[in-house]
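Quick heads-up: it's one chain on its own, the form predicted alone, in structure tokens.
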Amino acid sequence: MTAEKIKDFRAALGTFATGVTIITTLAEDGEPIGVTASSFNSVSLDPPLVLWSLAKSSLSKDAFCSSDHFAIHVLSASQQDMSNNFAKSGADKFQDVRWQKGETGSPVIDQYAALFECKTMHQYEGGDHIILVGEVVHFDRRDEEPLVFHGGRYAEARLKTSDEVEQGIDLDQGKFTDDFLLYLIARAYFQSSQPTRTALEQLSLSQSQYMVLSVLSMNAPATAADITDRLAHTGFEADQAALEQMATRDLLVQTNGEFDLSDKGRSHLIETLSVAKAFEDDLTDHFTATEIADTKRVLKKLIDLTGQDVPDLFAANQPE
């Protein structure tokens, strides 16, 4: 095939999502050898056989082909850096990596989602690769989410939910459960906004005043009518009198009938946002980047579906 055809063929193969493994053995001089591979697959349950393939151009080919054992580590979602490390050519891959000899003599890395220690049973020619078949003599599995490779990038595996989605609400009985979507959204909001509400109380700011500061931080100056319009969907109100009262407290400045943040108002907003950001950072430590991205995508879709008549608070800040 031409170089372009080979590139297209590789891309087509990349549509098949695979796990990511690190495969290890010992060289003749006793040095640990390891490579990253996604070509791992099962062959037989009885006897327990697995296979993987190694490029003939690999610097590790002679070590694996001359050894009578190897260990396959299925990587967990948190081991992307280790995968990258063992994918390098010629580097000291085992530096700072904790490992010990396994039952077959192959290096066994401490962390993995699954482990298969194998005796080398067969080697086959496979074009520009060598196919190695091993008999599993010991295996282990841990409760870890696996690392996935798809389309030339790392990904995360996730179990699909059941097609039968619990509605969480019984209109006949006037009851709902904790599967009711709108209940979950509301509860998540109230619980996650608690630190912000506490900060507002300490600054003697009401929720309405905080919303005014937020609106003006994105679009200012603004008239009382503009501010009222932008708050209409929130359930909070701020008429001319309320805005003038905020100006009296030096939270806002009023010029020619328009309002803007004062230095004090902006300082209070920054302090409150800092509390919210710190709490967000603590929360996101418990989620993967994919979960955070998916959550934001779902919330933005909910906003789009329910906010056709709601003014875009960020519209004035978008580039033309």
Ligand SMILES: Cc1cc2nc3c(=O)[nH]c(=O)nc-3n(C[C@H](O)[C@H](O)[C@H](O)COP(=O)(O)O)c2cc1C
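Counting begins at 1, following the sequence as shown. Here the structure is a predicted model, which means the values were calculated and not measured.
Another form, the form predicted together with the ligand, is not on view; read the next lines as being about it.
- Proximity to the ligand in the predicted bound form, taken as heavy atoms within 4.5 Å, picks out 82-90 from the listed stretches 174-182, 82-90, 221-229, 134-142.
- Taking the partner from elsewhere, A37 is found to have a heavy atom lying within 4.5 Å of the ligand in the predicted bound form.
- At the 4.5 Å threshold, heavy atoms of A55 reach the ligand in the predicted bound form.
- Y210 falls outside the set of residues with a heavy atom inside 4.5 Å of the ligand in the predicted bound form.
- Contact between L59 and the ligand in the predicted bound form is found at the 4.5 Å heavy atom cutoff.
- Along 1-32, one residue reaches a heavy atom to within 4.5 Å of the ligand in the predicted bound form: V20.
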